[in-house]
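One chain comes next, on its own, written as structure tokens: the form predicted on its own.
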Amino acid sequence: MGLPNVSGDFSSEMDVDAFRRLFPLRFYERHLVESIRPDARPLGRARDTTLALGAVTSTDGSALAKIGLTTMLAAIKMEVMTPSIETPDEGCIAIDFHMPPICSPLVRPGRPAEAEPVVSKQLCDTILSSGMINMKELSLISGKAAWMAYLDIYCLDADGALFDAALLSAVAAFSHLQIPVVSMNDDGRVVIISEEHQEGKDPVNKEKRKLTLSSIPFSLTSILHKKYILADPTAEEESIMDTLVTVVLDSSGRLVSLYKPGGTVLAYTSAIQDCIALTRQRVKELRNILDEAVSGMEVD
């Protein structure tokens, strides 16, 4: 593919990689004119996506999600807590998103990444507002004991669309989650008991069980640049074209949230509608990928 003309017309004598580094926006715009991206994807296509459930055996639920090179590891640990007075029949969920220095050269040791609290808040708002989890299912004894689910998501490779991959890993981890068996000890406290120590105990819940998930949320982040919409951007694309729109739909197609953190391009109604249409297609893909991963675990 030829290089675009620039002032001085020295692009024809320049190496493609050098031109990409020196004039990244012009390099991309040359591809966009032909409705293709440098990685050969059409503008509306997401990267290859994979899911692996049960990636961390020491947790109660875990999943490894990959969208292109972006990689997220989600792990859930369950603990018994005393429910609040306001919600005596409900449990709680705590979500933390982590970006260790290994995930990107932009993340410095000893300094938390700027995206950490933003993605954590987005994940918490999305999971709670979607109604995916009925908090009453996390109750053990009304007013006395309930489950606290600690969800930690670790970004192992940050190559764009971090929220999409983090949400997918979180949903997959909850799909894999098995709630432990608990019993009442001599002090009247509810404690978790291991499988080898269940004999002679009077369990509060008879066996491990899964949560009933409904209205599962999936997301797609897109870039708006002039008249173009690029689905599932890479980190390079995000650094060059700064207007992002993230649409979250649940498995039934209901709009859960729409997030646009600034940017130089105005999000007109037609552009938002196009982003939602792309997300609907993506939800079907992600739903199938999740179902296949869950079915694979059941067979194993």
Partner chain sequence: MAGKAGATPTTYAPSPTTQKTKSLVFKNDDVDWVRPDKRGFQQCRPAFFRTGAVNAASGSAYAEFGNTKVIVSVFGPRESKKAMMYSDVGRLNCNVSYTTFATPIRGQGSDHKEFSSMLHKSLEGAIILETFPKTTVDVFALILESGGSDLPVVISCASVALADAGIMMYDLVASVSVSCIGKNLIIDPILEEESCQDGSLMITCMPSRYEVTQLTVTGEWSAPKISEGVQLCLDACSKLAKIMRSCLKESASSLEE
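Residue numbers count along the first chain shown, from 1. As the structure is a prediction and not an experimental result, all values here were calculated from the model.
There is another form of the same protein, the form predicted together with its partner chain; it is not shown, and what comes next is about it.
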**Prompt:** Does its partner chain get within 4.5 angstroms of any non-hydrogen atom of Tyr154 in the predicted complex?
**Reply:** yes
**Message:** Taking its partner chain as it sits in the predicted complex, is Thr59 near enough to touch it, meaning that at least one heavy atom pair lies within 4.5 angstroms?
**Reply:** yes
**Prompt:** Heavy atoms within 4.5 Å of its partner chain in the predicted complex: does Glu114 have any?
**Reply:** no
**Request:** Using the partner position in the predicted complex, report whether Ile93 sits within 4.5 Å of its partner chain, counting heavy atoms only.
**Result:** yes
**Prompt:** Within 4.5 Å of its partner chain in the predicted complex, do Met78, Met81 and Pro101 each have at least one heavy atom?
**Reply:** yes
**Item:** Segment assignment from 23-31, 36-44, 50-58, 246-254: heavy atom within 4.5 Å of its partner chain in the predicted complex
**Value:** 50-58
**Prompt:** in the predicted complex, which of the listed residues (Ile141, Leu211, Val118, Met135) lies with a heavy atom within 4.5 Å of its partner chain?
**Reply:** Met135
**Complete:** With the partner omitted here, the residue among Ile272, Val265, Leu258, Leu69 that in the predicted complex has a heavy atom within 4.5 Å of its partner chain is Leu69
**Request:** Would you mind checking 105-141 for residues with a heavy atom within 4.5 Å of its partner chain in the predicted complex?
**Result:** Pro105, Val107, Arg108, Pro109, Arg111, Cys124, Leu128, Met135
